[in-house]
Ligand code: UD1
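Given as structure tokens, the chain that follows is alone and in the form predicted alone.
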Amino acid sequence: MNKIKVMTIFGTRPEAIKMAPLALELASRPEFEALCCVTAQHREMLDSVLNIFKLKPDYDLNIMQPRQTLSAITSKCLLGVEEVLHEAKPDLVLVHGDTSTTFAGALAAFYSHTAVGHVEAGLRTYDKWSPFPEEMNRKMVGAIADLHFCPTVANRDNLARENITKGVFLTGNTVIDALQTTVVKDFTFAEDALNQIDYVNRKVILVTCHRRENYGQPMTNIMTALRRIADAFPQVELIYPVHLSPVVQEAAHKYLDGHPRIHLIAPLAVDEMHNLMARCHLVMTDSGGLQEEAPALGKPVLVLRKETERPEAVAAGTVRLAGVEEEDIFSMASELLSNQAEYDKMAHAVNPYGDGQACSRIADAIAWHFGLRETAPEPFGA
């Protein structure tokens, strides 16, 4: 075998942030023929990431429709990827994490007898309903995959408990690789309001909230707590790039509109988001990726969920679970805003997620698996 034909498949903004550096790493190496397929499960937010990383997909399924259901996303991805694989015939398909694109891409590859590599493998909450549908997506992909690229030791141990021990590599998380590209010292935001904020003397809180399991009362609780925080702390500026989901848009504007220090803005491009994170004081989020990114930038994270599949950050002290109850969220945010010692304890904790070499380790592992490298890569943290 002269070249290994590897196809990366992704469809959402979080996947793109973490897969783009890997796609570029593979394309830079002579032993690989690198192909890229996007489903565009998220269209606009995906495209902004592709533009920043200057990554042009070889295949674009463009499946996104308004108010799409999980069944529609999965079936369209499955049929679309099946056609792509029939045409391209890759040696290996790489999928990322836990989205509907991830599961459908892995399943299509399995149906076509194509090997599957799972990037960001081994994350678990052990509650199939939370996060929904992500927990079951990643478990099903774990059952299909031939290669498992685990960010942390805990992720590797999760797979071992499921008797998945072959083809497992400890790599670190590719999102740390991405930060090395996107964060720059003298960044200028496209939205001028973000350039006008005093990041030195104000306590800027970056918020994201969009997960399906938080729809309804949990989201109401979160929004109410956020407004209380802004009311109680005059030095706080709260910046919330609001997800495009109509449910999220409605809740955010219902509870947070009209406050002079709450800024509801459009979703940000990945470089804007990373540079805003680098300048903020605190992150409050129900996102998975931000739990990994913010600690790399020295920013404490309060997770607006009842559990996290990223317990390493909780153990390391960079992340705390705030839950979805108004009083708990308000209390934990208040402590970090008023107790400098507690804030410093989180801000200075060591990020357990990577050293910026995850993409290189994954590429080396693939080359070793296919016999184009004599030794397996050294595991992250070795």
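All residue numbers are counted from 1 along the displayed sequence. Please read all numbers here as calculations on a predicted model, not as lab measurements.
Not pictured, yet referred to below: the form predicted in complex with this ligand.
Trainee: How about His243 - does it come within 4.5 Å of this ligand in the predicted bound form, if we only consider non-hydrogen atoms?
Mentor: Close contact exists here: in the predicted bound form, His243 approaches this ligand to within 4.5 Å, heavy atoms only.
Trainee: Give a yes/no on whether Asn173 approaches this ligand to within 4.5 Å in the predicted bound form, heavy atoms considered.
Mentor: The answer is no: Asn173 has no heavy atom within 4.5 Å of this ligand.
Trainee: Taking any heavy atom pair closer than or equal to 4.5 Å as contact, tell me whether Tyr215 reaches this ligand in the predicted bound form.
Mentor: Output for Tyr215 is yes: heavy atoms within 4.5 Å of this ligand.
Trainee: Decide whether Arg67 counts as a contact residue for this ligand in the predicted bound form under a heavy atom distance cut-off of 4.5 Å.
Mentor: Contact with this ligand, yes.
Trainee: Among Glu44, Asp58, Asp355, Asp328, which has at least one heavy atom within 4.5 Å of this ligand in the predicted bound form?
Mentor: Among Glu44, Asp58, Asp355, Asp328, a heavy atom within 4.5 Å of this ligand in the predicted bound form occurs only for Glu44.
Trainee: Just one of Pro133, Gly142, Pro311, Pro90 has a heavy atom within 4.5 Å of this ligand in the predicted bound form. Which one?
Mentor: By the 4.5 Å heavy-atom cutoff, the listed residue in contact is Pro133.
Trainee: Assess the spot marked by Ile73, Ser100 and Arg211: is this ligand within 4.5 Å of a heavy atom from every one of these residues in the predicted bound form?
Mentor: Every residue of the candidate spot has a heavy atom within 4.5 Å of this ligand in the predicted bound form.
Trainee: Just one of 369-377, 21-29, 356-364, 6-14 has residues with a heavy atom within 4.5 Å of this ligand in the predicted bound form, so point it out.
Mentor: Only one stretch passes the 4.5 Å heavy-atom test: 6-14.
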